[in-house]
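First, one chain by itself in structure tokens, the form predicted alone.
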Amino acid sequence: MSLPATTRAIAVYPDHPGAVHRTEIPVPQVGPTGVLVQTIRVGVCGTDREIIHGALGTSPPGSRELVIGHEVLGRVVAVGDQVHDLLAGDLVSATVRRPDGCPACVAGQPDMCIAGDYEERGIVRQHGFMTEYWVEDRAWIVPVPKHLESTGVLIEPLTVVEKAVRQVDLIQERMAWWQPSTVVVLGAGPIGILGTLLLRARGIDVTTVARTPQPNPAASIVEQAGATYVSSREVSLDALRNQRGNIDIVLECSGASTLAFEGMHLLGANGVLVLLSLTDAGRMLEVDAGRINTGIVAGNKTVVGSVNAGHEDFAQAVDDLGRFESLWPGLLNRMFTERLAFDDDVTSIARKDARGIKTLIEFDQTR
């Protein structure tokens, strides 16, 4: 096939919040190590909505627009002459962050960047994947098995909790004995659900806490995976702490800054609290600092932040998606509560009060 010179895309003007729109951008040349990909579908997440509303996002140099989208599944169209392990038709995803020259990035860990001058597809100074065609270097391409065609768009969001749990395992090497048995996940959005599935796949007792009472789609998925769903409007976190005993891990993925501090109290002795939410600055809270500090020190607790993900997390996410399907056939597809065609009115993706779980933009309407 002839390679496209331009491609249609969905973009924002970072300096004009709310202006999500269609546009057309050039398709970069496919260099020796490049891969040209045709998009199948892209997931919409909270970060995309924050970019649409002007809280995040920086356009590439020389452009007023930023093409959004960083959760992607696509199909290889063409490869450069130095790419020998991918063929036209192969399914792929891609990592998000591109390194700067800091020591962490040079060491191969751009997700642990020190300098903060990285670029991110669809977020910081590079166009994202919400476009019909895109080109990426093979170094950042993630091969996806064909049997994951229906769920592979979840690879990138799953890497968020893959890294979080990997960090917990690394931290807990401080202990001669570590066998987590009880976990609380704060938040039942896509990240919270995927974290629940990941930990349930390890056989751990998981309680997932969210505001919305049952019944709701997220609660149904959580409970089908064998976890317990609790509404914070019906059960307080203090009561939950008393019910569950020593809580080994808390994953905070609610987007509520108050829960970062409540999670510190919820956590049990020798446990790890992983903070995954970016929350708004400027909100003042009154907290019992003495209780929190004493609990962390006396309980040998650890609080850690985690963002982005490394290559190992993408590889593990591919494996775990297949594992989830084996454990709970069809469950992941129930996360996709809204599907929009590229040619539909996509302005609805800007809304912050979405009641569903995951919105997808479908580019390939032939499948």
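The structure presented is a predicted model; accordingly, all values stated were derived computationally and were not measured. In case it trips you up, residue 1 is the first one in the sequence shown, and so on.
Omitted from view is the form predicted in complex with a further copy of the same chain, to which the following refers.
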item: Residue contact check: residue 294 to a further copy of the same chain in the predicted complex, 4.5 Å heavy atom; value: yes
item: Heavy atom of residue 124 within 4.5 Å of a further copy of the same chain in the predicted complex; value: no
item: Interface membership of residue 303, a further copy of the same chain in the predicted complex, 4.5 Å heavy atom rule; value: yes
item: Contact of residue 107 with a further copy of the same chain in the predicted complex (heavy atom, 4.5 Å); value: yes
item: Which of 65 to 73, 318 to 326, 295 to 303, 36 to 44 sits within 4.5 Å of a further copy of the same chain in the predicted complex, heavy atom basis; value: 295 to 303
item: Contact test, all of 188, 220 and 237, partner a further copy of the same chain in the predicted complex, heavy atom 4.5 Å; value: no
item: Contact residue in the predicted complex, from 82, 279, 224, 242 (heavy atom within 4.5 Å of a further copy of the same chain); value: 279
item: Residue (of 264, 92, 209, 206) lying close to a further copy of the same chain in the predicted complex, criterion heavy atoms within 4.5 Å; value: 264
item: Contacts with a further copy of the same chain in the predicted complex, stretch 249 to 264 (heavy atom within 4.5 Å); value: 257, 258, 260, 261, 264
